[in-house]
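A single chain, nothing else alongside it, follows as structure tokens in the form predicted on its own.
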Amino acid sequence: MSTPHSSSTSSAPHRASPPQIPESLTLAATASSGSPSSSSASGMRDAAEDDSDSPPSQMSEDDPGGGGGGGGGGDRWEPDLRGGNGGTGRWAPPDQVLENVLESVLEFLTAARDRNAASLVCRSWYRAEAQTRRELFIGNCYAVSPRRAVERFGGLRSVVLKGKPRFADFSLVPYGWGAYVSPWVAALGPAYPRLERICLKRMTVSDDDLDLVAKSFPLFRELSLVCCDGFSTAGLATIAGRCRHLCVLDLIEDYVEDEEDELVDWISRFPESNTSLESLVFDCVSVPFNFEALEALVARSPALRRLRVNHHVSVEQLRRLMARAPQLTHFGTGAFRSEAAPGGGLSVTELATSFAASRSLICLSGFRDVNPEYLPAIYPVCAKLTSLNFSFASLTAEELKPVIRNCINLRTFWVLDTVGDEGLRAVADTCSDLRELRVFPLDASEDSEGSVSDVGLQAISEGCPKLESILYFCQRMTNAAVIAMSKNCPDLVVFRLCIMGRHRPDRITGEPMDDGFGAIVMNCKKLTRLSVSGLLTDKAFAYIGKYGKLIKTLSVAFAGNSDMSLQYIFEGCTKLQKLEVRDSPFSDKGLLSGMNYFYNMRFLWMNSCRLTTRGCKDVAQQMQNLVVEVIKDHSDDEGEAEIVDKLYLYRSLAGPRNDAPPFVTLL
């Protein structure tokens, strides 16, 4: 059902004075891709995102090369932070001594917030912090230019970059939107020859980029690609073959672009001697690979602790890998079915013996094409598991219950909704120490039946009082169940309830879901991330604005009944960093009510609302340090449409990007 649009425009609300641009803007601006997904649920598995533990991320607007302030003109002595006193004397002026001491102290400062705060004290602290920073987190690759980053930070060892908006996980960002890593790799290479770690999320990475990474960083140890696309097994072969010190190669929810006749045997490119591998994750690489090469690689990798293989691995091959690596702590099982004819495959007892020998296992995932008959084989390790991921396994409640009853120490559990409310009751009865639960839909369409409901949610809230994070997809919900969760699980930090059907009310009373979400923000005092959906009125958003003072990320779908909803959010949620809105009746008036708050946010994403080009232009004209992108749904649309399909607004020190495709208009 399409959302009605309005072509009417509104002016910005009256303000006493225009918003002041802060002296310093943070570097991190937003967080994965328009690439194909293997299933309706797989694109949602990595939709979660929390930057609270990210490396230091702020960049002041002060000129990196600026002086220390004060008079003195051209005769003023300037300390050389890169090379001592620059060879002009044998003594260190007092300022230099103080900065040397400060650098030594800052070496022990590791928390992101502490480092960001230290860099804003004064220019001396700004320079010292820049020279001692070893990890850089950039939440939006367009928030700052690569040149500016490398000019400021002189000794980085680790870089984390995020690209596309998070709604790319739901195929809402058109393919080819951008987020190319090429300019970053080109800049990082000459600046940081000692770089050891690169983590990319929702970025387009080519084989040439991977080749340049392998050539540029001789001490390179860790590459993590999350929800990325654009590369193939040829690029992976380059990394495996040239990065001789590689410890981590994690490929998570990526789209690897390979044709059958272009496959490269990348596994066999790892060094033939003992490797330093600690983590190898490639369960998202859907193409076949050389299993014998993998088995040999595992055997000569004594430090390997994490291994996740793709669906081409059978239980027979799984057993061989486990025999080679009994030290594994995290294991992704592949298909978890036999490749032999019925009756001639590996027995459950034989497989169970292999699991029993893996005494260090605490995390299991995979089960991508599971044969439930083999599930009893994991019973020997269930009691030690702290994390179990069944989000690719279409299990029934009867198939789940014998497994979950053995998982008494589970803290993280991901599962498909095929287990139903009955399966969730079994989880609640056993896993009293559970901290994170994610329930994904087998069918994510709006008119699907859905197998879990308020019954399962209430059971979880009663049996898992220590719960801190929940993602719950369903079609039927009640205020009573949500209120019960708010009371039974007061330590919730993340609450994401996704009612997939549009404007679904309380299934029993027919009332809006306002009171349920109101109870969540009132009773869960630690809440920092919230996703709302279902039939919601302005009343729910008034609750969120009044009580959600710690909320940093808010996602809104099919909700609200007027622009007052947005105004409540902007005025009340003072710590809001990321706001995502889809298919909601908000117009230019609601958008303009946030004019005083956009500079304090990383980004705003709105699609299928009632925005007009004129309203978006008003924001762009009045807020020069923000980038305002208007994105069309179809790249072949010509001319300027009055109604805006998608709006992406973010702050940037670099200004508008220069690689926007034709369907993106920069205002």
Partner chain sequence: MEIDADNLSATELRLGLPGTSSSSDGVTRKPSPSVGAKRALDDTRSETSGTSPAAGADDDHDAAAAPATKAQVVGWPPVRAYRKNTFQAAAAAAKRKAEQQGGLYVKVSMDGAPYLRKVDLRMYKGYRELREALDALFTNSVSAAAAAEGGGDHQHALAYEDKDGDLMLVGDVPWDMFISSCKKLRIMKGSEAR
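Residue numbers count along the first chain shown, from 1. Note that the coordinates shown come from a computational prediction; the quantities given were computed from them, not determined experimentally.
There is also a form predicted together with its partner chain; it is not shown, and the following applies to it.
Exactly one of 514, 588, 253, 129 has a non-hydrogen atom within 4.5 Å of its partner chain in the predicted complex; which residue is it?
Going through each option in turn, the one that passes is 253.
In the predicted complex, which of the listed residues (552, 504, 305, 401) lies with a heavy atom within 4.5 Å of its partner chain?
It is 504 that has a heavy atom within 4.5 Å of the partner.
Which is the contacting stretch out of 181 to 189, 223 to 231, 457 to 465, 486 to 494, given heavy atoms within 4.5 Å of its partner chain in the predicted complex?
Checking each option against the 4.5 Å cut-off leaves 223 to 231.
Considering non-hydrogen atoms and a 4.5 Å limit, does its partner chain approach residue 151 in the predicted complex?
Looking in the predicted complex, residue contacts with its partner chain do not include residue 151, since no heavy atom lies within 4.5 Å.
Can residue 391 be called a contact residue for its partner chain in the predicted complex at 4.5 Å between heavy atoms?
Answer yes; at least one heavy atom of residue 391 falls within 4.5 Å of its partner chain in the predicted complex.
Under a 4.5 Å heavy atom criterion, is residue 633 part of the interface with its partner chain in the predicted complex?
Looking in the predicted complex, residue contacts with its partner chain include residue 633, since a heavy atom lies within 4.5 Å.
At 4.5 Å between heavy atoms, is residue 447 in contact with its partner chain in the predicted complex?
Flag for residue 447 set to yes.
Thinking of 137, 193 and 315 as the candidate spot, does its partner chain come within 4.5 Å of a heavy atom on all of them in the predicted complex?
Checking in the predicted complex: none of 137, 193 and 315 is within 4.5 Å of its partner chain.
Hey, which residues along 359 to 379 are within 4.5 angstroms of its partner chain in the predicted complex, non-hydrogen atoms only?
Going through 359 to 379 in order - heavy atoms within 4.5 Å of its partner chain in the predicted complex - the hits are 368, 369.
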